[in-house]
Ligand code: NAD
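Taking the form predicted on its own, here's one chain by itself in structure tokens.
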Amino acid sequence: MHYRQLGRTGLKVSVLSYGASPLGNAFRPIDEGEGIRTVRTALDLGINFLDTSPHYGVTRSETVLGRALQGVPRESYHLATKLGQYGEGHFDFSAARVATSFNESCRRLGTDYIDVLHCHDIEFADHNQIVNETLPAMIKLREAGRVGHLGLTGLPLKVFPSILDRVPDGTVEAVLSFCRYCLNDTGLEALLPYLQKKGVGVINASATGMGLLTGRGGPDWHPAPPAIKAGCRRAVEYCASVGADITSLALQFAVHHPGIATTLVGTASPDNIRKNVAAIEAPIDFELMAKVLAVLQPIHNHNFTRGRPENRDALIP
């Protein structure tokens, strides 16, 4: 396993990290024991950054992850969770909720310290509230020694400069972007020089586009338009026709970029986490990758967005 610095946080994180949303039944009902074994397997394989949220499974993800970490030395991993989103369509970015959410998460996770605390999916927030209320409340937790570093997460890329340009450097130390650096969409790449100048570490997620670049395809709720789904399906079918695994290729593509500290992968299967780690440690077939990128070229950087109207990215159809 290789490790990279997460911006200026001082955290050295594994290039492949564990996203715990599947522990909250995000993609299928899971067996808790299997989920716990998956977390332990990830740690055994050198993954040292774990990410969750009270939103995933309406606290189930945090609860199962906390059980999986019982007895594991706290200094052996970096733990991230979030606040602001607590169920489908339920958002609360108030200062009062920051404190209660944090303490509730700590109880579920069995810890009194969170390495990275994210404000979750800020495209659904009033950014005046994030700047003037949410972040100041989060800073108090950092100053009290309960939190190491603060971050933001979101799907539209414009939400990150919207906040970072309005707060002093060092206020926000990490961003978590998803679906915007993968084989079919590398929109995040254009933002990397700006984030590097700000000293902000980059966490990438959903290297398969939330399932689009997998054999099973995206879930029913996936927000991508039909053209993107069809384009990704053609790439999946091409890989299948030549005996290649597109999911492994997608992970290799994501972790290969030196400007991205870590890429989250979510699974509740020990076998899958072993396969994912094996994939990023295997040599990359650059000829195959070039052919898959050519198949995806007609939809390259075509995107989907969401959130409050003022927070949405412009669409590339």
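Position 1 is the first residue in the sequence shown; the rest follow in order. This one's a predicted model, so the numbers in the text were calculated from it and none came from an experiment.
Below, we turn to the form predicted in complex with this ligand, even though it does not appear here.
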Could you tell me which stretch in 66 to 74, 40 to 48, 285 to 293, 272 to 280 has residues with non-hydrogen atoms within 4.5 Å of this ligand in the predicted complex? 272 to 280
Check residue 22 for me: does it contact this ligand in the predicted complex (non-hydrogen atoms, 4.5 angstroms)? yes
At the 4.5 Å heavy atom threshold, is residue 247 in contact with this ligand in the predicted complex? yes
Is residue 54 close enough to touch this ligand in the predicted complex, meaning at least one heavy atom pair within 4.5 Å? no
Mark residue 129 yes when one of its heavy atoms lies within 4.5 Å of a heavy atom of this ligand in the predicted complex, and no otherwise. no
Check for me: heavy atom within 4.5 Å of this ligand in the predicted complex, for each of 121, 207 and 210, yes or no. yes
Among 196, 94, 214, 111, which has any heavy atom within 4.5 Å of this ligand in the predicted complex? 214
Scan 238 to 271 and note down the residues that get a heavy atom within 4.5 Å of this ligand in the predicted complex; none is a fine answer too. 247, 264, 265, 266, 267
